[in-house]
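As structure tokens, one chain now follows by itself in the form predicted alone.
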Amino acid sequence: MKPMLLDELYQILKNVRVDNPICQYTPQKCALLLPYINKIRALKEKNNALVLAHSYVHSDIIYGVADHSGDSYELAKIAKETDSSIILFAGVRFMAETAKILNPHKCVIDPNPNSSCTLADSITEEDVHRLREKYPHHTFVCYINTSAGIKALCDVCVTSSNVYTVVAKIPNDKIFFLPDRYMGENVKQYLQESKIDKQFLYYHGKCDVHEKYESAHIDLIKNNHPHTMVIAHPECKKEVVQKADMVGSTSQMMRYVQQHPHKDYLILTECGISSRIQIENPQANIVGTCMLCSFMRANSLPAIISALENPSPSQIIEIDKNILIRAKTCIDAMFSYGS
């Protein structure tokens, strides 16, 4: 990958106008970031490393050094197909673990010094054991926002882009979904509206970012901007999702904006999607505010350099073989149902 020029970087990032100053880029800020970006580009080539970046991380990572960016499902597929010796995943821990599960013989690196996730941390392996004893005839479906240990205890994995499809295709009429309560409510509503008869139970976990959105926010924006297109993530509350014009994963949101030119958009997910839309669709006007995920935003260019040069043991993903095999079976089931 050739070195990036300062004006090239600034021209890409200048359209980011998200309210939070941490998301905005000036020529001076780009000049400070450029040496890190070009060092990472050189290290990637030297180490035969692939950099994957979730859409919620900083735009300088996505557009400066990432080989691929997107949602969990897209990046999981790319991780499954790569020939690179090293996979560096700029996201949070469960994402890097998923890449390792799909590439057990490759070196997978998590550069994030704070790669927790409130949703993934909301359920433990003990919780799943207890639930499986209580509901022995249910198919256990886990959201990809879970640890490798949780995936190993479940039957099928899903992402926000395929959860409705996968759950509908599962032959069992008894489903237990975990850990996201709000996504569970939205899937249950979908099943009822689609007249798909399943006993659908769900856990009580939640994403702190998406939980903050309220239906009153939509009403307020609509009062001031009546033609606003509302796009929501399925981790939002049911009453928020019901008022949205489009509901989908981060990548589905991106494609929707590209395919449906509109003036005003209210984007109800982490701020990274608003930034990407402003960069890739500058004609779109983002109204309202968005929420930052402190865990995703802990990813940084210096941390990526350190991880590529001399990764610490804690940054290198290692998963017990038995857990890895069972977790892969869970993820493979997703690819089977989701294809």
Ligand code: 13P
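We number the residues from 1 along the sequence you see. Keep in mind that what you see is a predicted model, and the values were worked out from it rather than measured.
Below, we turn to the form predicted in complex with the named molecule, even though it does not appear here.
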Query raised in the report: Taking D155, L178 and D332 as the candidate spot, are all three within 4.5 angstroms of the named molecule in the model of the complex by heavy atoms?
Result: no
Query raised in the report: Looking at 104-112, 71-79, 220-228, 165-173, which one sits within 4.5 Å of the named molecule in the model of the complex if you count heavy atoms only?
Result: 71-79
Requested in this report: Would you please decide whether R276 lies within 4.5 angstroms of the named molecule in the model of the complex, comparing each non-hydrogen atom pair?
Outcome: no
Query raised in the report: Is there a non-hydrogen atom of S160 within 4.5 angstroms of a non-hydrogen atom of the named molecule in the model of the complex?
Result: yes
Requested in this report: May I ask you to check whether A99 falls inside a 4.5 Å heavy atom distance of the named molecule in the model of the complex?
Outcome: no
**Report entry** M95 within 4.5 Å of the named molecule in the model of the complex, heavy atoms
**Finding:** yes
Query raised in the report: So which residues in 28-44, when you check the named molecule in the model of the complex, have a heavy atom no farther than 4.5 Å from it?
Result: none
